[in-house]
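Listed next as structure tokens is one chain, alone, in the form predicted alone.
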Amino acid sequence: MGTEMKQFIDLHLHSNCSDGVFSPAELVEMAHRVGLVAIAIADHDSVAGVTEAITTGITAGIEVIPAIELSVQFASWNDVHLLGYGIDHTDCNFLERLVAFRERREKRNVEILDLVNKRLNAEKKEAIQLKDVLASARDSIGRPHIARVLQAKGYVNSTEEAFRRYLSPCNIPKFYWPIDSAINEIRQLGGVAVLAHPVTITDDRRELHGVIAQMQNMGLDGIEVFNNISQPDEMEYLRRFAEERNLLITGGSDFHCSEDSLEMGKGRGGVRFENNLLPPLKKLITERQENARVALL
């Protein structure tokens, strides 16, 4: 009796529709080359690449789950990342809200660029032009796009150095969705809400336990157990916690292709994301989408 070969997925990728390097189609093709069977392109506050990814996925034989990564606020924590899977990425009201967020974000990033240029001017260096930043972006610009231009001009040697020397000192606070509103939005769109890389909130397990429990009371469906931030013992803790709380377990690399340490389809320590994570997620997506359809009747 033979054993089935394991299949692997990656439910957290970024394209150049937010702050990734590659187009959605290129990501799908890369996923095919590294042997993945399913992916989710979860761009920051954008679903602009979902249709392209799904279309390419049909040809490449890769299943693409519609997704997004929202920047949210919970209590005193800003920039908590919430993944929404299986959402209706064509919903007009949602798209209008994303446009409003993008306009706020673009205004912020232009202001950050102005501050970076003041710092460059003080260092007797040529300023960065907005058109150069836009050349590496697609749906909207972000700080990583500025970092890439800083590196291309030879002002820094890495993305990390760009943030340390320029982008972090020149940062301007973001606008965040309240987490309860964001979870409700995802669910209304027939989607499933999952907390990305939970240990970025706090590495205090007692505190993190309380935070996730509160989020679950607000409607959180799952946590990204397998990721590139958590250490192996932290991932095991998150796995046990998710099982105890009856939360979905997901896994993703958070691949942008701007970090040398991140590989598509792999988490910290080379952990792979097995395809057995997908059926429970898809089952809940199907149930949520059916509920959303019924609500419209």
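Don't overthink the numbering: it's just position in the shown sequence, from 1. This structure is a prediction, so every number in the text was calculated from the model and none was measured.
Separately, the form predicted in complex with a small molecule exists; it is not shown, and the next lines address it.
Undergrad: Please tell me whether the candidate spot formed by Arg108, Gly142 and Glu160 is one where all three residues come within 4.5 Å of the small molecule in the predicted complex (heavy atoms).
TA: The answer is yes: all three residues contact the partner (heavy atom, 4.5 Å cut-off).
Undergrad: Within 4.5 Å, heavy atoms only, one stretch in 115-123, 218-226, 142-150, 200-208 touches the small molecule in the predicted complex. Which?
TA: So the stretch in question is 142-150.
Undergrad: Pick from Arg102, Lys174, Arg165, Arg187: which residue has any heavy atom within 4.5 angstroms of the small molecule in the predicted complex?
TA: Of the candidates Arg102, Lys174, Arg165, Arg187, Lys174 is the one lying within 4.5 Å of the small molecule in the predicted complex.
Undergrad: Classify His89 as contacting or not contacting the small molecule in the predicted complex by the rule of any non-hydrogen atom within 4.5 angstroms, answering yes or no.
TA: Judged by the heavy-atom cut-off of 4.5 Å, His89 is well away from the small molecule in the predicted complex.
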